[in-house]
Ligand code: PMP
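Below you'll find only one chain, the form predicted on its own, shown as structure tokens.
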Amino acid sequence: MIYFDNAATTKPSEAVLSLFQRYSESFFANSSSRHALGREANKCLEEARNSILSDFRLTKTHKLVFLSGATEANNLAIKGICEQYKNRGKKIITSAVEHPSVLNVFRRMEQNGFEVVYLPVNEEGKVEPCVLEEAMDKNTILVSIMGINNETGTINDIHSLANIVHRFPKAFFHVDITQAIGKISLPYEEIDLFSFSGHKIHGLKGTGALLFRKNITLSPQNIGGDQEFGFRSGTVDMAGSCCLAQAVHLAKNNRQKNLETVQILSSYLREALKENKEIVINSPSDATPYILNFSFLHKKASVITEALSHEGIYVSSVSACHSKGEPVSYVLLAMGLGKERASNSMRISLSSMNELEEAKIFIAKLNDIIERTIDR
């Protein structure tokens, strides 16, 4: 098996799986229970919370709420700000290439009477700071821009964007860092709210978090027993939360080593793909090496993806988060690449678990399948 779909989800690490079993067996009590076993579970939960805050170096400035993943975190961040601070203004800003868990929440806010600005991106898929600056005004209360695009690997200049947002005292800056955590260095101290999932960094599905400044109040989206400071009611998945802390710690501590491994694979794949006249690369040259997006000029991407799958090679033809309802990549369309490229793209997404030999096998199999596949 060759698994090149790590932007969709990663294989949980052995360390995480081992920790989950141990904590599930030994500290299974409800962390809100007041008996001794509940207090032990709560102690583990708070150690996990402090571990993540410490890894981001935000112990003094930010809070952390454990959630089921980045989708819930994005919903809490966006809806929570809009509902809590709507008296300050009703203008909110995002980009045209955000993850569906951001875009669709902004669309809902638009239906609820908020003025929404969808920023265009340049040909590399980046939000240009000057474009954001032009869109900002005194009524803006929220800007949400992703760190790394999940389809193309495009990296946004978060530092410059944060500086612009913070010139407007009513506005908060939210960043979805799901594809960035453990891959690039970001100025987390400059971000008001950021969200991520555990299963993208060799953690567990159903785990994630939202970090936000201590002076921010959010309108809760789950009403109940006031767990997680009242921002997310419901029995907390203590074992999953501890595994998230472990995954974050490993991802951040091993970032440079993992990057070096992936850069070798990505460079080989990019150069090999350039040699095939049936392929055009969509990811910019300075994209994260973890994601490589390209299109077929005359072949159907879905056919080639399925043929690769039969060979035990797993890639993505459209982002797994919207593939069932959206056959054309809105990200590539927003980059101005045209419908033909946007409807026949393939994404390779790597992890440090991948090896160079896998990349070589992939290229050989891909070239063979392209030769055998009829033009669309």
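None of these values were measured; they are calculated from a predicted model. One-based numbering along the sequence shown.
The form predicted together with this ligand is left out here; the points below concern that form.
Though this ligand is absent from this view, in the predicted complex it lies within 4.5 Å of a heavy atom of just one residue from Ile52, Leu45, Val65, Ala70, which is Ala70. Of the residues Arg270, Lys79, Lys90, His199, just one reaches this ligand in the predicted complex with a heavy atom at 4.5 Å or closer; this is His199.
Across the options 237 to 245, 176 to 184, 254 to 262, 292 to 300, residues that bring heavy atoms within 4.5 Å of this ligand in the predicted complex belong to 176 to 184. Met146 belongs to the set of residues with a heavy atom inside 4.5 Å of this ligand in the predicted complex. When this ligand is considered in the predicted complex, Thr152 lies well away from it, no heavy atom lying within 4.5 Å. In the predicted complex, Ser101 approaches this ligand with a heavy atom inside 4.5 Å.
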